[in-house]
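Only one chain comes next, encoded as structure tokens, the form predicted alone.
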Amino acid sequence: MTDNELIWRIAGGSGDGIDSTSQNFAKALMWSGLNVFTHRHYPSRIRGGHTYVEVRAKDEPVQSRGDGYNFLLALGDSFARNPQEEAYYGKEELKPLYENFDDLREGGVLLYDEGLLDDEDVDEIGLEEAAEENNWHVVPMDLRGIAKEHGREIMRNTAGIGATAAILDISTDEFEKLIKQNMSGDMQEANLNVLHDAYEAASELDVDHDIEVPEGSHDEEQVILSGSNAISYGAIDEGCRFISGYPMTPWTDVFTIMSQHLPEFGGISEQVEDEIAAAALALGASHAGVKAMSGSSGGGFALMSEPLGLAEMTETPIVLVEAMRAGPSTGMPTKPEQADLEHVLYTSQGDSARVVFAPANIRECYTQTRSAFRIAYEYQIPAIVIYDQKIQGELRNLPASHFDEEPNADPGSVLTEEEIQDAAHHSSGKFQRFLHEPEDGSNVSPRSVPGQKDGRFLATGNEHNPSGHISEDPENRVAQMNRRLNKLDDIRADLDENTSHQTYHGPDEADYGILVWGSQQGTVFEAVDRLNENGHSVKALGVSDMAPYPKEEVSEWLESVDEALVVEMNATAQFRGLTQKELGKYGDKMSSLLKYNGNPFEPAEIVDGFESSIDGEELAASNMKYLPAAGD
């Protein structure tokens, strides 16, 4: 828990506009000069079911969700299930209120819509007792009634914003600006009236809280966006002009954003009948010479294993994205987890040759997606960007200048027609696309695309000779397999020299280390700062290169600490297992802190997990699991 911050949570039902309202609230705070970070929690239902979004705002950079929150706006669930189903699901219209009790900090403010949640229902859930025990400031307001005075009750969200602003003594200027920017006519006027009326009504209340909303300013223009936005913009800037896919949460956001923007750049998007077709269509587009991508989540990505293997065998570049969610099978489609790592690394047939990057935040989503395209098209290999539902939906601000990099339309290692004339050809005239030993001494055999003069070759999923004809000759098999796999060594050397994706945090010298991958990196870094402030000697390493693995970097870092705690969101310590497999040692030095209940870590949980691990005590929290180092 830290002071001088606002963590505002808005809760309601799916379909109540919780997400859009939180986005506007976060954007308004950013415009006022603060740094923001959001966290989404929503059910796998189209309408109804408890959903909430947290907006954390500080006057310094924010890289993680916080510990709990200090202001709750509970709107109730206006799309709750039929009361006959209460035996299974409880009274759903009340869940946005009572299911958020556990995380509201002592002394926090609880503003709820008494227009939907009546006194009798509220009494049933023990709000009065909980408020007294935790010194909460409970503020019932008829937000629905204020909205209905000016039209539709859906505007109770706007009423909630107005009441929040009054209670926290925040100016409504930025909220008014957003309403005028996004609405017009009668709808704009009605929302402005609702905002002002709710502000005035709440201003008359005596809410004696001690929440201080920080004040700040930005040195340069800021934008607010999600990991899905950043992946999409990175793909477009790196020249991607084709995407095919089939909707599946949480990958759908990337597919939607790409589909919206590609036509502006002369690109094409195609929604197809399933994920096999999606990956195969993108592979065909890439074979034809276009930078292409596809993607999915969990079970959808499983269907892509056959086209993925085809891309590896034909050395056709392609970028796939895999958005992890809690599994197995359908699992919890809207909850984050990091349990697809082994699936993404090893799915397909035989010995695989692929690149896998796991960005940890929005900045890395952009830069590592660009790296994925560069590597895929220079080295003729599939590249996969693996991320999770947490990064997919969370919003944060960053300087607009981060996206000022030059675009790159270079198709990679494709020969010109003039170069093809001088390249190796079989006596039949076919271009030798798959040379055992390329003339430049690399493991990347020259590539042509359909339509180029004298560039024709065969592309088959069978093992093949240099011209692409099917071959089961043992010597050819070994030569082709070795060349394909040796690309990974070349790529590792390229990344080590030009593009380090690993992120170091904390002091250079420390007794203990925390190793992390993917979306939990920012939370770990905040926990490391707290641990060092508390007198511990700790540093952290965030790893993004899953394949080829950065063996030297991680080995050197592990050698520098006495013990390392590996933090990840799965039940089987997959990243720790990958690290031990790749390095062949350090099993006696690495322990694991795991969480897999559908919620990401909070900084305080990692602090507790670390301190419990070095003290040899059991975890205080039951929602995490600790696995000791080998031999302990």
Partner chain sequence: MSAFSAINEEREIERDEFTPGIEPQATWCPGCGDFGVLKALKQAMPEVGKNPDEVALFTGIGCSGKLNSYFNSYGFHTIHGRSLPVARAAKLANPNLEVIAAGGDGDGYGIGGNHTIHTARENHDMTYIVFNNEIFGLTKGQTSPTSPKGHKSKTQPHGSAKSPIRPLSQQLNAGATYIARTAAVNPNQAKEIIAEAIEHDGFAHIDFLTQCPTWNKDAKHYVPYTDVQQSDEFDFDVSDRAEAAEMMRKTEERLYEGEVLTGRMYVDDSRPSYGEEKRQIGEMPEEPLAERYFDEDAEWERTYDNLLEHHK
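Residue numbers count along the first chain shown, from 1. Remember, it's a predicted structure, so these values are computed and weren't measured experimentally.
Unshown form predicted together with its partner chain; subsequent notes refer to it.
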Which residue among D237, E342, D142, D496 has a heavy atom within 4.5 angstroms of its partner chain in the model of the complex?
D237
Quick one: of P474, P247, G451, G107, which gets a non-hydrogen atom within 4.5 angstroms of its partner chain in the model of the complex?
G451
Can you tell me which of 356-364, 326-334, 485-493, 259-267 lies within 4.5 Å of its partner chain in the model of the complex, counting heavy atoms only?
259-267
Its partner chain in the model of the complex: contacted by all of I276, H287 and P411, heavy atom 4.5 Å:
yes
Partner contact for H41 in the model of the complex: its partner chain, 4.5 angstroms, heavy atom:
no
Considering only heavy atoms, tell me if E553 and its partner chain come within 4.5 Å of each other in the model of the complex.
no
If we define contact as a non-hydrogen atom of the residue within 4.5 angstroms of the partner, is Y379 a contact of its partner chain in the model of the complex?
no
Residue-level question: is T460 within 4.5 Å of its partner chain in the model of the complex, judged on heavy atoms?
yes
Taking its partner chain in the model of the complex, which residues along 390-413 bring a heavy atom to within 4.5 Å of it?
A400, S401, F403, D404, E405, E406, P407, A409, P411
